[in-house]
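First, one chain by itself in structure tokens, the form predicted on its own.
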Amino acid sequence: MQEGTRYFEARMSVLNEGNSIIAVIRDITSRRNAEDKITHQAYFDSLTDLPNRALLHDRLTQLLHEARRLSFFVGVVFLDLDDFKLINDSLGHETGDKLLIDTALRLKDCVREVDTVSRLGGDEFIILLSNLTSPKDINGVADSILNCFEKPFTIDERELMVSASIGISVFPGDGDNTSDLLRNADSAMYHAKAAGRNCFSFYTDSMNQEISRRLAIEEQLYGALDRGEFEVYYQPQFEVASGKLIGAEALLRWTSPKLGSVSPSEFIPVAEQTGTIVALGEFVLSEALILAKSYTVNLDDFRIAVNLSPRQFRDANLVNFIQSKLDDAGIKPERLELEITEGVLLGGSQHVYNTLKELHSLGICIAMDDFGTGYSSLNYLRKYPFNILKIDRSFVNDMTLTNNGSELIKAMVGMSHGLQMKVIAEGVETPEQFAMLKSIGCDNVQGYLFGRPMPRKDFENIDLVLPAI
């Protein structure tokens, strides 16, 4: 309806004599406007004004009818913003809403007039590509969509770098109805997430198996802690110069009666998404402090390292819980090391900064984990109160293979020492790697060369000093 358009309703009646007609004309513009508004709200997203889930299903259904009649391909593109929840939680829902609005505008610029951009809900968008002569036509559109996220979003004078993961299904090969096509595009999107994000993936039959596995993990994860299915393993850490045992990293392991041994790379992301990670993190901390207590009697400098996830940082009671557990165990705060990944720091949340500062002020050691795998790690070292830097295993693996690899680790060690930080290299597997790290001046090491993650009873029997390597 054009603005300013008015609508009228006319009713006519004939007088008894049959010679006269009376016409009554009423202005029904307000009623029509109200009806149009209700219809619009039923089929369009209130935030972005894109077609919503209901209209998406209707358009896809009609599009498939037309595709069958005219024999063309239809592409269903499922897009999910990477780490949107973290941005939403750290910067506020108002910022998140503005980001979604800007995303909608960028997506509409990436497609043709005949295509449909819709918002499924949250940070999920669906794009319908019609009249395709080949599935390969979708590649260019997917590239264009990814490229549109390369430019930062400017929201309230803050620049945000956001990427997207894209899953694609194609009619008729990947489904003959709306439900199958949407479900399969969703499966492909999760595959893109697992592949490293900021990429697109076409649906394959094997993806259904992956989704089924994920659902099975989520189902069995519920109540697994209460059923006693989890155990904390410990991987030893040694001082390079003296060869002495100086600590251990606590690592969670899960053996499910129905699924068998489940890798942390499988269940940790599911636990993070479902919120189960909070209870699991508390369990790991409690168990780890029991081990640390037994070692502080003979090793004054023994330190237990525990990972903290982004979801745990959203718990307002985190600092109080850690303090109470230290008090219960009778452990000095400096005997606890908390390992933080870049995912915790994304967005520069003041809450995260304050929490880390408070933990640091208690005397707890803060370690930057997986250093080198994120684009802004150097800035984090400058801004946050880190005591320890952990060099990612991928760099350790490369150091004996290329000159650049060893020079890069040398630079990391020098930079860290300049910032008054200790360095620990993880994933050390060969004597050659250990010898090179020792010559570079790396402080501490852990890896299969010195011991695999092991149950507490096995850890308590390891040597306190490394044999000659």
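Keep in mind that this is a model prediction, so the values were computed, not measured. Numbers follow the displayed sequence, beginning with 1.
Beyond what is shown, the protein has a form predicted in complex with a small molecule; the following relates to that form.
**Student:** I'd like to know if residue 308 sits close to the small molecule in the predicted bound form, meaning any non-hydrogen atom pair within 4.5 angstroms.
**Tutor:** Close contact exists here: in the predicted bound form, residue 308 approaches the small molecule to within 4.5 Å, heavy atoms only.
**Student:** Is residue 220 close enough to touch the small molecule in the predicted bound form, meaning at least one heavy atom pair within 4.5 Å?
**Tutor:** Contact check for residue 220: no, nothing within 4.5 Å of the small molecule in the predicted bound form.
**Student:** So, residue 312 and the small molecule: in the predicted bound form, are they within 4.5 Å at any heavy atom pair?
**Tutor:** Answer yes; at least one heavy atom of residue 312 falls within 4.5 Å of the small molecule in the predicted bound form.
**Student:** Although the small molecule is absent from this view, report whether residue 145 comes within 4.5 Å of it in the predicted bound form, heavy atoms only.
**Tutor:** No, residue 145 stays farther than 4.5 Å from the small molecule in the predicted bound form.
**Student:** Okay, which stretch from 103-111, 259-267, 146-154, 73-81 lines the small molecule in the predicted bound form, with non-hydrogen atoms inside 4.5 Å?
**Tutor:** Stretch with heavy atoms near the partner: 259-267.
**Student:** Would you check whether the small molecule, in the predicted bound form, lies within 4.5 angstroms of a non-hydrogen atom from each of 43, 172 and 181?
**Tutor:** Zero of three within 4.5 Å in the predicted bound form.
**Student:** Only one of 186, 249, 287, 123 gets a heavy atom within 4.5 Å of the small molecule in the predicted bound form. Which one?
**Tutor:** Flagged contact: 249.
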